[in-house]
Structure formats: C-alpha cells, structure tokens
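The data below hold one chain only, encoded as structure tokens and taken in the form predicted on its own.
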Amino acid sequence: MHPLLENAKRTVDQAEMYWNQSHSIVVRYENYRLQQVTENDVSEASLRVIQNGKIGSAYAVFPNQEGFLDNAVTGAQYGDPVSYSFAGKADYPKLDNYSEATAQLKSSDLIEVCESIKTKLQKQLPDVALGIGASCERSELTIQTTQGANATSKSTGASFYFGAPFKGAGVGVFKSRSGIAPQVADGALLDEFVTWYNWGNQSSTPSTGRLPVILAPEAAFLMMMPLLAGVSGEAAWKKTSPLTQRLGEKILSDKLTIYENPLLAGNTDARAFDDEGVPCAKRAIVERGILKEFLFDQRVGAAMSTPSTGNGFKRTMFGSGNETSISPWFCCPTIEPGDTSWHDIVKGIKEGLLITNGMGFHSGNFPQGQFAVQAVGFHIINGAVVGRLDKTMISGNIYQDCLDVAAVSRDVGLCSGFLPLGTAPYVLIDSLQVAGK
C-alpha cells in the first residue's frame, strides 16, 4: 500500500488513490512538411476520501505532494453524502496491452512512419494539403484503496493518422490506425484514402426524403453515443433514459449485437479495471437487438442497489482527465460484424449515402436517441459513389430507424469521434430522413 494510503487509514474512514504516469511522443506534418515534434512526461494523481459519510477529492502531480491528503479531508467536510464504499480486493483479468517495442520508440521512428506515408501519397496527390501525424505512449496506472484494491497496469499505444480537406470545402478524408504495437501504414489503407479523396473531387447533393444510409465505422458514434446515453446507469437511475423500463426488450435491429469489450486484444483503450479499481469484463449490451444490460459505476450502482459493472471512468463526451468526475461510460464498444463486403452493400443501393462523420452532433437531443447533423461523406447513385456530400443534413432516432437494418459488413474499422476506441462494421440503415435538394 502506498504511504499516502497508510497515512489516510489513520485519518479518514476510507481513501482511494489514482495515479497515472505517462511518457508520450507526437510528430506532426502539415503540407507534407515536418512541423512539430513534442515529447512529454506527465504525472497526475487524484485522491478521494470518505469521512463521516461524505466524499472529498483532491488533485496533485504526485501522491507525495504536500497537503494532498489534507485538501481531500477538507473537501469531505463540504462534500456530498455517499452510500457506497471504495473498491475492495479483487482478481483482475489478464490483459496484455504492453509492447516493449512501442515503449522503445523514438521520435526518429515516428518520423520514419510519417515519411513513408508522405512518399507514397505525394506521388499520387502532389497538390493536396496533406496532414500526417504519428504518436506513441507508454503509461503506468495505479489505483489503490484502503479497502484492499490494488490495481496496476502498464500499457503502450502507437498510432498514426493522415488526411486532407477537399479543395474548396471545409471537410475532407482522414484515415488512422492504432494499437499497442508499432504501426505501419499498409498499401491497402493508402489506396483507400486515395480512392476516397478522389471521390470528393466533385460535390453532389442527394434528393430530399428518406434514403438508405451506410454508417462507416468512423460514423458509428451517431448510433453508439445515443445508445451510451440510454444504457448509462445514471440515466436509468434519474429516469431520463428512454430505455429505463425496456430491459429485455427489442430496441434495435436483430442484425445488431453490441458488446462492451474492455478486454479487446491489441486495443490502446483496453482496460482490466476501471478508474475506481473495479474489474472490467466483456458483456453484451444489445444482443440481436435485445437490450441486455445497463452500465454502472460505484456511485450509481449503490443508488440502484446494483454492483458496479466496472464502467466507472474519468470521461465525458468532450474529453477525459485526472480532474474529470467518474461516471458510467463505455470502454472499447464493439459492434459484431456481419458477412457482407461493404463494397457489395454500396453496389446494391439505387440512391443513398455513405456517412463518414456528422457535424453538430453534440447539439442534438442524443440522450433520447435522436440526432440531426450536417452529413459528411459521399453520395451513392446506382451502386457507385458520384461525389462528396454537399448541403446535406440527416436526422433520425436510433430506437426507431435502427430497428430496420438491411446489412452489416464483415469489414470493420475503429470507432472514433466521441467514443473510446472500439470496432464497428459498416451498417446499412434502411432509411433516414435526408434534407438535400
């Protein structure tokens, strides 16, 4: 047990220490030229205490920082009442998310990755304002409590991205890869980028009305973020979720099975325990369209007389960090793939949309399953892409529109946007409301 907690045992009823240490390197190119190399060492610690039934928090760079415990104790004098205990001793699942090769990466290695991407793409797209970036990180996380929890992990992550805006437009195409091991840009990914970028050389506005829409993995958040809001135990507790009374009912198409998969092999966001030191586990949230489970942290679980599901994370829709309050959140959400090529899905559409992003999502009523966004992606006519979307809006409600899913691809990619990294296939929704010409 860390000396901070040994001291806390003599001072407060319970205490929990969170300490994350990381080393990261980031390389960034703009217009095919190296612009920035940064290297950072970061240490961040938080301490929560329970004293006389109230909770208090404090934040520091290191756990041994002077006054750390005193600040948390002072906070508890004015804190909210709590009805739960901090995590106790537990057996944590084995999770291999550390690569020594990644831990040894240097800025020169990341520059080499970027130069490789640059060399291959500059020949095909010499006049494009291409941005390239690569990064690597190694971190060590420790969560201990006076109740006996002792969770530690070492992890690594390496990633790269590249992309460019379409000429004369505020949107573009971006591709990325990440994993615990060093990443290499393969030819198939680069070729796909060139194809997609060339699709955007001309713009196209679809018809107004209801049209079939393919959500690419990059746009999975349009469905997954409303779902997260719906299956949050906090929303169920406050009865603000549209799913509060629907456990065991069909809420999505039977073609959709969605897992909370924190043990996802090779994923940089994979976790064996959450930010409260509670073990994580793979669990089905929606199975063949049927709602199976809500997500709980310690606080909400206690309020609902339900154990934590290991989903207490320092995350919000707009970010994360040491001082972020813990709330129920996804970790590596995954949508089970189907058996159809996404190219074949495109070929079967008379007129429709391939969506890669949606602008303005955060301002919609997504907690109730709704979204209305400026569509980013491509217009499909007679089974072929005819151009990038222009002056196009899409809107829908996942609990209505995602009851009718025509196809799910076997091809998968990384979820991104507002979500922690998981995987998703291409999902063809029978129809969404489209506002075009």
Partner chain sequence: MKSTFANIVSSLPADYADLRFEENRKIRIGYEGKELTEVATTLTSGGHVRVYAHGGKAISSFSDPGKAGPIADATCTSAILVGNSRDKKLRVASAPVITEDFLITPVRDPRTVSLKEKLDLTAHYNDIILQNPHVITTQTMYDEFTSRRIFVNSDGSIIEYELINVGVFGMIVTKKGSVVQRVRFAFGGNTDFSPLLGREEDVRKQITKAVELLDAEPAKAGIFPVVLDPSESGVFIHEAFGHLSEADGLQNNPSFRAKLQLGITLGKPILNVTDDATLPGLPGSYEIDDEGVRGMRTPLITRGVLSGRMHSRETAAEFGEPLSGNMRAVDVQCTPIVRMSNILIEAGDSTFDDMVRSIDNGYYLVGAKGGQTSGDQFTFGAQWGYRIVNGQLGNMVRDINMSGELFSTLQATSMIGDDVRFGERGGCGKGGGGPMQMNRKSGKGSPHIKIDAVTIGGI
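Numbering follows the first chain given and starts at 1. The structure presented is a predicted model; accordingly, all values stated were derived computationally and were not measured.
FYI, the form predicted in complex with the partner chain isn't displayed, but the following is about it.
Looking at 278 to 286, 262 to 270, 89 to 97, 234 to 242, the stretch with residues near the partner chain in the predicted complex, meaning non-hydrogen atoms within 4.5 angstroms, turns out to be 234 to 242. Contact check at 4.5 Å (heavy atoms) against the partner chain in the predicted complex: none of E112, Q147 and N150 pass. With the partner removed from view, the residue among F160, F313, W196, F361 that has a non-hydrogen atom within 4.5 Å of the partner chain in the predicted complex turns out to be F361. Note on the partner interface in the predicted complex: the residue among Q35, N382, N52, N64 having a heavy atom within 4.5 angstroms of the partner chain is Q35. None of the heavy atoms of L247 is located within 4.5 Å of the partner chain in the predicted complex. Interface residue remark: S305 is not counted as part of the site for the partner chain in the predicted complex, having no heavy atom within 4.5 Å. None of the heavy atoms of A101 is located within 4.5 Å of the partner chain in the predicted complex. Mapping the unseen interface onto this chain, N365 counts among the residues with a heavy atom inside 4.5 Å of the partner chain in the predicted complex. Interface residues of 42 to 61, taken as those with a heavy atom within 4.5 Å of the partner chain in the predicted complex (partner not displayed): V42, S43, E44, G56, S57, A58, Y59, A60, V61, in sequence order.
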